[in-house]
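The chain that follows stands alone, in the form predicted on its own, written as structure tokens.
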Amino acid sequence: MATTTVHRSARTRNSASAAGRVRAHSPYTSWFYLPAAVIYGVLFLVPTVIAFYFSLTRWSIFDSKFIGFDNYVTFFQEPGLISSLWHTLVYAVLTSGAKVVLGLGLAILLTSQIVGRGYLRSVVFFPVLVSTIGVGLTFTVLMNPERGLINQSLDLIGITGPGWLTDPSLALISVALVDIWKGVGLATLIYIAGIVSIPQEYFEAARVDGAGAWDNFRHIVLPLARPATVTVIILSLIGGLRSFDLIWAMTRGGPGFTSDVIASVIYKQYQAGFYGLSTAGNVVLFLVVTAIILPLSRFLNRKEVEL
């Protein structure tokens, strides 16, 4: 009797494990990926392939002519390409680095016990919600060297304000400062989410050991908020490398070509009617962003796993 019961139990376990294997290999769950795959294919893969094709043509609205890699050869012979590439890298590194530092600092402040914490969080995040073009036009007026509110305020304390957007050495940095002001709210929000997800047991244990605020930041917040740091770095770099609308609204790449980035060079080619050439430029920009972001993302995520 006991032997029969054991055999039945074994058969039951084997049947259950077999059923589990069948369920594990069932294609049913894969169908849930289909809607997302269709949307991704229609909105990203298909336009990307079409863009690659049209970058090899001389096209207009009504016709196109295949010319091979001539557009790429012409694009790389663009006189301002090297300087615009350098401006793009400087702009992306400056804005992303500042957003990481300021976002982390503001997040630490806004997760501490301060008066009006909820209101201050709303104030910090508000610029993210404002139109980029609207921000650009507003700061263009504020940074006017003669009638702008910023220089007028500096005059009241005896400081002669510079030509924020008219000085070739300051134009790109001035736009970057506006970009930082507008985008730091999102970085702060990401950091707040990362900090509040840290278990309080770590802070309680550190308090028992006599750790101070700096020790908590260095040994708890900084390492455990690393996923948030990686997210902010990647998103900020992508936005900085692709930045166009704020720069175009404030300087249009000027004065001269001192604030031109790759995206503004591409847009100028499109304005001139060189549609195939501008499409090739967009493909180059896509490859540049991919070549920078993918290795960096893998490097940062690998370091995170090793920790």
Partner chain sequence: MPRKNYALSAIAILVSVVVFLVPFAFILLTAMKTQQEASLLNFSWPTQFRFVQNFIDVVQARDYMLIIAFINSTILTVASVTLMVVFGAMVAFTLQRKRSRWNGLINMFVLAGLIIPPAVVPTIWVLQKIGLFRTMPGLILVEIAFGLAFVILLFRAFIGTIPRELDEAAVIDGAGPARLFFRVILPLLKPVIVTSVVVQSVMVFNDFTNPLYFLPGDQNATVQLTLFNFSSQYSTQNNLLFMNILLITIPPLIMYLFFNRQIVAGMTAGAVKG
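Positions refer to the first chain, counted from 1. Just so it is clear, the model here is predicted, and its values are computed rather than measured. Rigid core here is just the name for the largest C-alpha set that superposes within 1.5 Å across the two forms.
A second form of this protein, the form predicted together with the partner chain, is not displayed here; the remarks below concern that form.
In the model of the complex, the partner chain sits within 4.5 Å of a heavy atom belonging to residue 139. By the criterion of a heavy atom within 4.5 Å, residue 120 is counted among the residues contacting the partner chain in the model of the complex. Taking the partner from the other structure, the partner chain in the model of the complex has a heavy atom within 4.5 Å of a heavy atom of residue 197. When the partner chain is considered in the model of the complex, residue 81 lies well away from it, no heavy atom lying within 4.5 Å. Only one of 68-76, 154-162, 212-220, 176-184 lies within 4.5 Å of the partner chain in the model of the complex by heavy atoms, and it is 176-184. Shown without its partner, this chain lists 92, 104, 233, 189 as candidates; in the model of the complex, only 189 has a non-hydrogen atom within 4.5 angstroms of the partner chain. Contact annotation for 272-289: residues with any non-hydrogen atom within 4.5 angstroms of the partner chain in the model of the complex are 275, 278, 279, 282, 285, 286, 289, listed in sequence order. Relative to the superposed rigid core, residue 47 undergoes a CA displacement of at least 2 Å between this form and the one not shown. With the core held fixed, the Cα of residue 248 is displaced between this form and the one not shown by less than 2 Å. Core-superposed comparison between this form and the one not shown: the C-alpha position of residue 267 differs by less than 2 Å.
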